[in-house]
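So this first bit is one chain, no partners, the form predicted on its own, shown in structure tokens.
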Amino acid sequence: MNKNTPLTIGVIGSGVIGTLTAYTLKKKNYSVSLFDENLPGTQTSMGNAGTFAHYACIPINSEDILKKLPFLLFSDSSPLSIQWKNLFSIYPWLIKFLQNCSKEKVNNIITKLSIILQKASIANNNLFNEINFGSLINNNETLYLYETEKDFLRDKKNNDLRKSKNIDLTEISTREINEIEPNLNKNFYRGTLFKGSKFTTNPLKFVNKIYEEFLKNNGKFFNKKIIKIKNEENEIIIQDNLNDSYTFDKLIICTGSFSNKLTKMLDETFPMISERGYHLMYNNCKNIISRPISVVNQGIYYIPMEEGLRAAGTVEIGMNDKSINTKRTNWMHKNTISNFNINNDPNKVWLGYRPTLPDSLPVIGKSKNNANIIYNFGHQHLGLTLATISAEIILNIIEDKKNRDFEAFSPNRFN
């Protein structure tokens, strides 16, 4: 390739991870093409809780998970459930997950997440200064709520760990909670405010704003499904469902929980399952709260979105099928009406697929079988939070800049 010819890069997947990756590479004047069978941001990225959760260094892995497992998997009031019909497919992931629940491994995961989250906070603030998101970014800080003293003390270990990782948080009383959020339907024992945290009032518009900037920089988008990847004479050729072919110097795969469909074409698979996440939308409850609120023992986030109140969260370990678990959504609705004075049913029930590896860390790095193909997926609950820093890591990989802090996310850790 001629020195003056820009590197050609294909990015597959236009969720928040792929769109920000394409935008970041295009800023460096590479020739970048973004591919997706769906429109940017319209799949899992549009349905998240909207929080830039730089405080979220505590993984679902836990050293005492085994004694909690019966409650977590079988109780109707658990924030975790499992898609039993897919147990055979899920089982290998569960074994690897439990192997990552020793004290040593959990502490290592927390350290790795803390490092990337601190860098993500800086990267996201730079992005907010670079692109005018306007009212899409809200600076009201996330609030965790504890119904009882027991709930508060149970989470104290996690808050102490967060403090040890330089996460700035403040504990507030029942009175202070009611002062800042007067529309709660009950008195909570204590709260935790995460200082400096932010959220977006519309995750879909957030991705679309980045996508618009990508196009302004002469980035290209192809609304196509990629069905074949092959390597010929140091060039990567991809083929879409209409039998059109495209040739690149580098290829980035950012297709979330669907990524194994593409990596299998390169003789690589990853122990990844889907954390099926739901949200309920209450359009008549637009101004009921002023910030993201998580009732910790329920595992549910409540977020004031542009279109109304969103109840999001819980974890259903399973696969990428479209079946709605009404037990999950009914349980979320029951908790919502107990936390707020809401009489109506949700206007919308939504399901998305969080890509989750057994060590709660993303995969960011080169394919072992082709150094010109780079992976960027598996961000679990932290896709929105980590998208900007992940894109910067991809840029560094392409430009051969090494950083030991990010070696923990190498795809080779599973081989």
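Here the structure is a predicted model, which is why all the values come from computation and not from measurement. In this text, residue numbers run from 1 along the sequence as written.
From this point on, the text means the form predicted in complex with a small molecule, which you will not see here.
- Not displayed here, the small molecule is approached by residue 226 to within 4.5 Å at the level of heavy atoms in the predicted complex.
- Taking the partner from the other structure, the small molecule in the predicted complex has no heavy atom within 4.5 Å of any heavy atom of residue 367.
- Contact annotation: residue 358 falls outside 4.5 Å of the small molecule in the predicted complex, judged by heavy atom distances.
- With a 4.5 Å cutoff on heavy atoms, residue 191 does not count as touching the small molecule in the predicted complex; it lies far away.
- Contact check at 4.5 Å (heavy atoms) against the small molecule in the predicted complex: all three of 16, 36 and 352 pass.
- Between 96-104, 252-260, 341-349, 167-175, the stretch whose residues reach within 4.5 angstroms of the small molecule in the predicted complex through a non-hydrogen atom is 252-260.
- Proximity to the small molecule in the predicted complex, defined as a heavy atom within 4.5 Å, singles out one entry of 373, 57, 384, 363, which is 384.
- Listed residues 277, 318, 219, 304 were compared with the small molecule in the predicted complex; 277 is the one with a heavy atom within 4.5 Å.
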